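The form predicted alone is given below as one chain in C-alpha cells.
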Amino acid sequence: MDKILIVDDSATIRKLLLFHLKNEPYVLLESCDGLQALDACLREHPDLVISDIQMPQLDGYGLCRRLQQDPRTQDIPIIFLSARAEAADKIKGLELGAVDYIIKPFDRGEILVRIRNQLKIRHLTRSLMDANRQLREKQRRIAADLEAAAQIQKSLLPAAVPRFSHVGVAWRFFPCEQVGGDVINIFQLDEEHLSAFVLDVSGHGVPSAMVTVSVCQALLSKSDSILKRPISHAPFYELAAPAQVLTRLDQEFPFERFEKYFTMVYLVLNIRSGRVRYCNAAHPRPVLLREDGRLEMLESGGTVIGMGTGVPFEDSEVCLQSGDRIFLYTDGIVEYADPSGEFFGEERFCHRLQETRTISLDAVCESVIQSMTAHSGEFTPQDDITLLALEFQG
C-alpha cells in the first residue's frame, strides 16, 4: 500500500487532507514542519510527499532541496500545496525538483487525480528501474558467458609460439566480437610431420565460435581416426591426406547439424624434406612466398564444408626450399574495408608480404596489421581476422 506523507504547519490543513484521503487505499502520515518531515522520510520512505511551502524551521523549498540531495530520499516525489499563487513560486518549486504544484484552497477531486497520477508515474518508474536492473544483470551474465567462451576459443590457439625443427611460426588472431568463427592451430603429427589449419565458420559470435570448438575437438581429440589411418604393418599408421581429412569433416558437420558451414585450409608439412600436401575447402587462397620473392597461390581443394555437395576434395603438393614461407589467413584481411568500402584486397596483402620478406615472421604479421590500419585509418575488425605464417628453414 502506498504511503503518503502530509507536511503542513496548519493542523486544519492536515486534517482536511486526511479527511479527503481517508477512504483511499493509502497509508497516511503527517508532519508539522520540514525537519520533522525529513526524519519521517528517512524512517518511513513514503511514496509521495504533499508539503506546504511556508513553514517554521525548514520550509517546503528547503525540505525539497534536502530530499533531492540525499541518495536515500532523492527518488521520493513531492507535491507542493501552497497559498502562493505567483508564477515565480511555482517555477522555483518545480526547478527544485517538485513534481507538481497545487494552490490552496484546493478541490478534492483535483488533488485526488494529481495524487493518483504521481503514484502511477512512481510505479512505472520503479518498474522501469527494476527492468533496467534485471537487464544489467542479464548483460553481466552474458558478458561473463562471452568471456568464458572467449577463453575456450583462445585455448584452441597454440598456447605459445610452437618450436619445430626447421620451421618458424607466427600468427595474429582478432575476433570482430568477443568471440568469433575463425580459428587456427599448428601441431606435430609425428617426428617428421606437422599439421596446420585455418578455418572460418559462417557468421560471428557464440554460435560460430562453438562450431569452431567442435571442429577443433574433432581434429585434435580424434587425431588417430581423422588425421591418421591404421595399417597392418610398420609404422602401424599412415597420415591421412588433407583431402581425406576435409572429406571426414564434411561428413561429420553437415549444415543441418548446426546450420553453419565453414571454409578451411588443411596442410601437412614434412619438416625434413619441405614437402607440403594441402587441400583448400573454398577458403581464401594461401600464399606461398618463395625466398626470392616469387608468389604462388595454393588453390586446389573443393567446396565449402557442410553443404554435402558430394564433390570430391583434391590434394595438391608443393615443395619448400629454405626461406620459403606460407601464409594462411581468413577473408577478414582481404575484405577489410576503408570508409569508402574499398577492400584491403589480395593484391595489397600479397604486395605487403613481398615487401617484408626479409624480416621476421612475427614482424611480417605485425606489418600486415599496420598496413590494414593505414588503409582504413583505424583498426576495428569488421570480420574475424586471422593470419598464420610458416617458414621452412630446412
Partner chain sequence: MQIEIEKQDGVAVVRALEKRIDASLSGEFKAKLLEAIREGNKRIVLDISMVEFIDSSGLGAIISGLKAVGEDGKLVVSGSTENVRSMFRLTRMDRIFSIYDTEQEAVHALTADNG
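Numbering follows the first chain given and starts at 1. Note that this is a predicted model, so its numbers are computed, not measured.
If you look for the form predicted in complex with its partner chain, you will not find it shown, but the lines that follow are about it.
Colleague: Does the 4.5 Å heavy atom contact test between G306 and its partner chain in the predicted bound form come out positive?
Modeller: Yes - in the predicted bound form, heavy atoms of G306 and its partner chain come within 4.5 Å of each other.
Colleague: Can you tell me if E299 lies within 4.5 angstroms of its partner chain in the predicted bound form, counting non-hydrogen atoms only?
Modeller: Because a heavy atom of E299 falls inside 4.5 Å of its partner chain in the predicted bound form, the answer is yes.
Colleague: I'd like to check something about F164: if you look in the predicted bound form, is any of its heavy atoms closer than or equal to 4.5 Å to a heavy atom of its partner chain?
Modeller: F164: no contact with its partner chain in the predicted bound form.
Colleague: Would A131 count as a contact of its partner chain in the predicted bound form, using a 4.5 angstroms cut-off between non-hydrogen atoms?
Modeller: Looking in the predicted bound form, residue contacts with its partner chain do not include A131, since no heavy atom lies within 4.5 Å.
Colleague: Quick one: L38, D75 and Q118 and its partner chain in the predicted bound form, is every residue within 4.5 Å by at least one heavy atom?
Modeller: No residue of the spot touches its partner chain in the predicted bound form.
Colleague: Using a 4.5 Å cut on heavy atoms, which of W171, Y101, Y261, F174 is close to its partner chain in the predicted bound form?
Modeller: The option sitting close enough to the partner is Y261.
Colleague: Exactly one of D107, E95, E137, E256 has a non-hydrogen atom within 4.5 Å of its partner chain in the predicted bound form; which residue is it?
Modeller: The option sitting close enough to the partner is E256.
Colleague: Just one stretch in 78-86, 210-218, 275-283, 240-248 has heavy atoms within 4.5 Å of its partner chain in the predicted bound form, so which one is it?
Modeller: Heavy-atom contact with the partner occurs in 275-283.
Colleague: Using a 4.5 Å heavy atom cutoff, which residues in 311-345 contact its partner chain in the predicted bound form? It's fine if the answer is none.
Modeller: Counting only heavy atoms within 4.5 Å of its partner chain in the predicted bound form, the contacting residues of 311-345 are V311, E335, F343.
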